[in-house]
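A lone chain, given as structure tokens: the form predicted on its own.
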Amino acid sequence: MTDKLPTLLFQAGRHKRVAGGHPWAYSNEIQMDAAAKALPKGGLVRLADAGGGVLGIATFNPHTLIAARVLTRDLSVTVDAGFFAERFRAAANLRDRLIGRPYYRLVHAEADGLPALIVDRYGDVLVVQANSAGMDRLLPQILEGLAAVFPGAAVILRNDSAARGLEGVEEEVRVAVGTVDGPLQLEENGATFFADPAGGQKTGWFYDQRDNRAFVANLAKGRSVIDFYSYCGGFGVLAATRGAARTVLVDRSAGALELAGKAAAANGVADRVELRKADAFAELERLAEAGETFEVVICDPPAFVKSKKDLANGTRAYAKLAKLGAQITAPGGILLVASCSHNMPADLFAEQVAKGLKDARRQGRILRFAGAGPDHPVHPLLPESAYLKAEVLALD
């Protein structure tokens, strides 16, 4: 099968990075001749150096900057349902060791050897994002591979990411296998939560913050907590289950707050959880002007820097968020500020948090600077894929 695939050649000397293990080849490294440009969007190719030495099998899109994404370097492999089943099985075995419960990110793209593919697991429901033309083209094999490893599982295709637009493939959200009725129940850090993979953000839940939620929740016993951009209550409701005296969840989405309230009730803490529908910055400013403080303040916003052109505005937004968060953190309190923008460098993010503290005339110390949980591994040659940054500070 492999020898029947078209061969895509690098320009002379431009293959060394991929030969060294990097999973991406850029369009300006490829011999983008008429034959290459005529290849189908998302099709499989053999990726070779200028002399014809084959380096691996990749998906190829002649219309994007990241032109080829390496799937395997083993030329004896056929990229079919069995190939995907093997990768899914390995990923599941690792997550089961790491997490212990079937609620996790099952596949984290390049780090799991499946570039541009995301799969989140909610017990017997799997949520799939195919974020490239190649993975979109391979969806039949992906679904067949999932069925082999997770027989009977329902599958939701949450293919509405901005990346698909850049790849030139249409957006779609649908149940591809089985049936899914209403929000899904999940477990995290010993607590019960609810997610809406079809209508919520991204794949319905943000497993990446699991460890950071646990860290902050363990500092919340007997204290007042406010959780901005609370979504479905991952930080705030967990803090309440760990003994927070009072927890306020702030979000603009009535649907997300409804699921957060459902989680609070399921965990028996509804009497200590207040749901507040509001814009986070507006509420932060209102509280700061009123002089109201909380002993634990959580600021976990959506991406402020969605592309490099947003960096200047996003940088200012993180500094402002840190400033306002610090202003309403009680003396001796805890402040968490996070960024999920992969275009926001970690050092620049840390500088903006420090600037925010300075502007708020607060001092403190960093207790934790962490990324995503271990079910979101990072490819060793793609450090930029370590997108999440969460800084926890104790303020004087």
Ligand code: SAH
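Residue indices: 1-based, along the sequence shown. Because the structure is a prediction, the values reported are computed rather than measured.
Omitted from view is the form predicted together with S-adenosyl-L-homocysteine, to which the following refers.
From the list 300, 167, 112, 120, which entry has a heavy atom within 4.5 Å of S-adenosyl-L-homocysteine in the predicted bound form?
That would be 300.
Between 279, 124, 285, 187, only one gets a heavy atom within 4.5 angstroms of S-adenosyl-L-homocysteine in the predicted bound form; which residue is that?
If I apply the 4.5 Å criterion carefully, the residue I get is 279.
Which among 222-230, 169-177, 71-79, 263-271 is in contact with S-adenosyl-L-homocysteine in the predicted bound form, heavy atoms within 4.5 angstroms?
Answer to the contact question: 222-230.
Using the partner position in the predicted bound form, report whether residue 136 sits within 4.5 Å of S-adenosyl-L-homocysteine, counting heavy atoms only.
No, residue 136 sits far enough from S-adenosyl-L-homocysteine in the predicted bound form that none of its heavy atoms falls within 4.5 Å.
Any of the heavy atoms of residue 95 lying within 4.5 Å of S-adenosyl-L-homocysteine in the predicted bound form?
The answer is no: residue 95 has no heavy atom within 4.5 Å of S-adenosyl-L-homocysteine.
Classify residue 256 as contacting or not contacting S-adenosyl-L-homocysteine in the predicted bound form by the rule of any non-hydrogen atom within 4.5 angstroms, answering yes or no.
Taking the distances in the predicted bound form, the answer for residue 256 is yes, it comes within 4.5 Å of S-adenosyl-L-homocysteine.
So, in the predicted bound form, is residue 206 in contact with S-adenosyl-L-homocysteine at a 4.5 angstroms heavy atom limit?
Flag for residue 206 set to yes.
Judged by heavy atoms and a 4.5 Å cut-off, are 14, 41 and 60 together in contact with S-adenosyl-L-homocysteine in the predicted bound form?
Spot residues vs S-adenosyl-L-homocysteine: no contact at all.
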